[in-house]
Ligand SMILES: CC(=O)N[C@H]1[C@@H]2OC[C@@H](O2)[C@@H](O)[C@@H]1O[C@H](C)C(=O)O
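Presented below, as structure tokens, is a lone chain in the form predicted on its own.
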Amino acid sequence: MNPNLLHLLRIAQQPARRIIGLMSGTSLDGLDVALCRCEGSGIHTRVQVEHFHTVPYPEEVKNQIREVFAKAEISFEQLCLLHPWIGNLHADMVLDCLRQWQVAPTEVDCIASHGQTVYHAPRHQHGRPDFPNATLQLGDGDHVAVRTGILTLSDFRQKHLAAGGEGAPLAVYGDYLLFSQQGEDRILLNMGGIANFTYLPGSLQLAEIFSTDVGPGNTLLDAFTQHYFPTLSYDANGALASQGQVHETLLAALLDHPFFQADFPKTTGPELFNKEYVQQAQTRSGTLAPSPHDLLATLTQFSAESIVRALERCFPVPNLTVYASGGGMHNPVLMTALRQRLPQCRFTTTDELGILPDAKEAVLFAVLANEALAGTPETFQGGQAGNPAVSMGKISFAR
């Protein structure tokens, strides 16, 4: 038998696996690297995060990705070159982390590499009925595996698409395995570039679990912070937005889009929520010259209102515990707006559940890899229609 297959079989049969989860979101701020010990599989999964670090993207890396990021027209040469380049970049970041943690690559069973999303195109967004849902993540798994010497699982979203999903959000799978709790209805709210949530019923009934994107998280805030304040990459602690006033007319125009009336579950991305989207709303509402601080205050409220309206549509009387994660969790203006609009909900973070909020997405991809190696798709049989019961992740051997 091929020795690679024997190695794969040994890893799958172990009672626990050390898996490095990698995540880089649409905010393009860097690579989250989480070394996890994953014990068991399915509903018996237990995860211990041994080490975690976010490796910031240098500005040059961000600029290279921005040349193809969320654009309908790009240089295909740039796209082609970025795929292996990002794979090698992520591999080097992993190796640097392992050196800092004094962990040898041979002590790691596999890497779960999400890659860098550069375009997300669900059918409801691209509007071309003859074409399927689609998404594209760069960072070739073979390059990660060969450069690190570690078995790598990557490109998780394609199986979800192939089985009828929209490729996002995938957090529901890990959320269910790690965070469900008998007797407590929970919302796992992630506020990255795009905001999404998973509903975990206290009944533990798989069919009642619900996961969806809801609208912009930080993507518009980051874009306009960088536009008006070029030395800043984001509005740290909401300091800029806190100096402005919400422009209600513009806010109403921002919320006036078919995406917000579309049925759940649904996905979206910066392909829709971008500078052009805001500028079109300004034109429609006659609000072409708000101050930078007023615009950021309004965009922060827009993110909050998108989340609130989605929760109120899904749960007419939301009385839930909300466990927040993602960059938006660090924005007190955004969090205050959520608390004010949903006073009956209890807001906390996934730290209360034993997972650092900033590490959560990377950890969840480690869990997906663990399921692909040691679990079974039947774990999710009978779940939400938009989340098929499948194993995700393409396997790349190190040699």
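Residue numbers here begin at 1 and follow the sequence given. What you are looking at is a predicted structure, and each value in this text was computed from that prediction instead of being measured.
The protein also exists as the form predicted in complex with this ligand; that form is not presented, and the subsequent description refers to it.
*Asks:* Counting any heavy atom within 4.5 Å as contact, can you tell me which stretch out of 191-199, 282-290, 89-97, 123-131 lines this ligand in the predicted complex?
*Replies:* Partner-contacting stretch among the options: 191-199.
*Asks:* With a 4.5 Å heavy atom cut-off, would you call Arg157 a contact of this ligand in the predicted complex?
*Replies:* Contact check for Arg157: yes, within 4.5 Å of this ligand in the predicted complex.
*Asks:* Give a yes/no on whether Glu361 approaches this ligand to within 4.5 Å in the predicted complex, heavy atoms considered.
*Replies:* Yes, Glu361 sits close enough to this ligand in the predicted complex that at least one of its heavy atoms falls within 4.5 Å.
*Asks:* Does this ligand get within 4.5 angstroms of any non-hydrogen atom of Asp140 in the predicted complex?
*Replies:* No, no contact at 4.5 Å.
*Asks:* Quick check on Asp213: any heavy atom within 4.5 Å of this ligand in the predicted complex?
*Replies:* Output for Asp213 is yes: heavy atoms within 4.5 Å of this ligand.
*Asks:* Given that this ligand is left out here, which of Leu177, Ala171, Leu250, Ala310 has a heavy atom within 4.5 Å of it in the predicted complex?
*Replies:* Contact with this ligand in the predicted complex is made by Ala171 alone.
*Asks:* Along 16-41, which positions have a non-hydrogen atom within 4.5 Å of this ligand in the predicted complex?
*Replies:* Residues within 4.5 Å: Met23, Thr26.
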